[in-house]
Ligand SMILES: NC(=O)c1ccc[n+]([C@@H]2O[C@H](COP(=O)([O-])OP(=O)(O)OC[C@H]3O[C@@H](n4cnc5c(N)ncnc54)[C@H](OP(=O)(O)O)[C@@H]3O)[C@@H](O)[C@H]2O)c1
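Have a look below at one chain only, the form predicted alone, in structure tokens format.
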Amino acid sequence: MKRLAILGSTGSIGQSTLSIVEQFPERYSVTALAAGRNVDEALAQAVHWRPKVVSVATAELADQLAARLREAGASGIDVAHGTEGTVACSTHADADFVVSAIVGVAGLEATHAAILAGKPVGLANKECMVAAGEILTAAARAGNVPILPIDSEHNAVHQCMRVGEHKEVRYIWLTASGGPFRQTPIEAFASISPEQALKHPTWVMGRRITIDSATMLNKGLEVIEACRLFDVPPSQVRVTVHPQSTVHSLVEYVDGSILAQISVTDMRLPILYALAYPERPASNLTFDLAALRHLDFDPPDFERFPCLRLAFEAAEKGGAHCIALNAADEVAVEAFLDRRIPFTGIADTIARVLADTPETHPATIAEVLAEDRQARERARALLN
């Protein structure tokens, strides 16, 4: 029985993880839930799963949840809040495995604390690895703590790299759907609306990640994440546009062999892979090979998607540039969704923030968070 701490339990990854626990009750149980601001869902999850601790965003929400748990007769559940509460979940003595799925850098401290506590981590939060990957991977290596990717692309790479030595890898190929605008004329980009950008052709995701997919900044963040997770330079990571989203990623070996991971577009499969590693439990997540009738692979257009180019440049510099890339994008995407800047203003904002970012490498999580705040301030100043 593997006891789980789920950070971001009310989000899509958290709920998919709980569905895996439901499907495999003999393998997994729930010890801790970090739920953010959705008290209604946190209450329902806590009553159903009876974790040892549940955390929400603020003290006020924690008071509300504690009172409602008492009314529901759900005793014996500690209620925590804020960053301290999330850390309490990720480091709980009974937790055998931590699923890190809080969006943005909000889950960074808890993820780092889990690694320092020797807890294996299933990582579904690419922002943590982008902002502080150098620190997280160093801590994981020092403690011999596995970080297992849940992002579909990196999970696919992890699977493909199981069959060869690290030194035998020539390239990691990350596949990208190309989003809704891969064939849109460049001159029309300035007039793209939030409604158009939120219509992803393949995946149903949160608002920010959907916009990031439309600009291909999301794939740029994944390039940085791949460099950190698999200890390769940016020159060994390639991106290919694959509209069918059937091949989740590929690994090319020095002998010319290319291995691809193919599966249904269902996040429960990479979650199950991470939870069960190195085993592969039987599941009903089967794939219809008839879907392979037609597969396209095209090089990305850096003129059409300048955010991807900016991400590769940030990956080369590392440190503060990767932090600023993520922070500036989050601020710019919010401004675009609020109709304060055009679609093309997202890349413009990121480029200007990166131009003012020093080439430094924060050595602590506190320094990472300080650099993140400074980058956000620079981005907001540009947009005011």
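The first residue of the shown sequence is 1; numbering continues from there. Fair warning: this is a prediction, and the values are worked out from it, not measured in the lab.
We do not show the form predicted together with the ligand, though everything after this point is about it.
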Query raised in the report: Any chance R339 has a heavy atom within 4.5 Å of the ligand in the predicted complex?
Result: no
Query raised in the report: Hey, in the predicted complex, is K219 touching the ligand, heavy atoms inside 4.5 Å?
Result: no
Query raised in the report: Contact between P278 and the ligand in the predicted complex at 4.5 Å, heavy atoms?
Result: no
Requested in this report: With heavy atoms only and a cut-off of 4.5 Å, decide whether A131 touches the ligand in the predicted complex.
Outcome: no
Report task. Select, from the options 64 to 72, 312 to 320, 32 to 40, 340 to 348, the stretch whose residues sit within 4.5 angstroms of the ligand in the predicted complex by heavy atom distance. Result -> 32 to 40
Query raised in the report: Of the residues L259, A88, L148, M267, which one places a heavy atom within 4.5 Å of the ligand in the predicted complex?
Result: M267
Query raised in the report: Which of the residues spanning 1 to 20 lie within 4.5 Å of the ligand in the predicted complex, based on heavy atoms?
Result: G8, S9, T10, G11, S12, I13
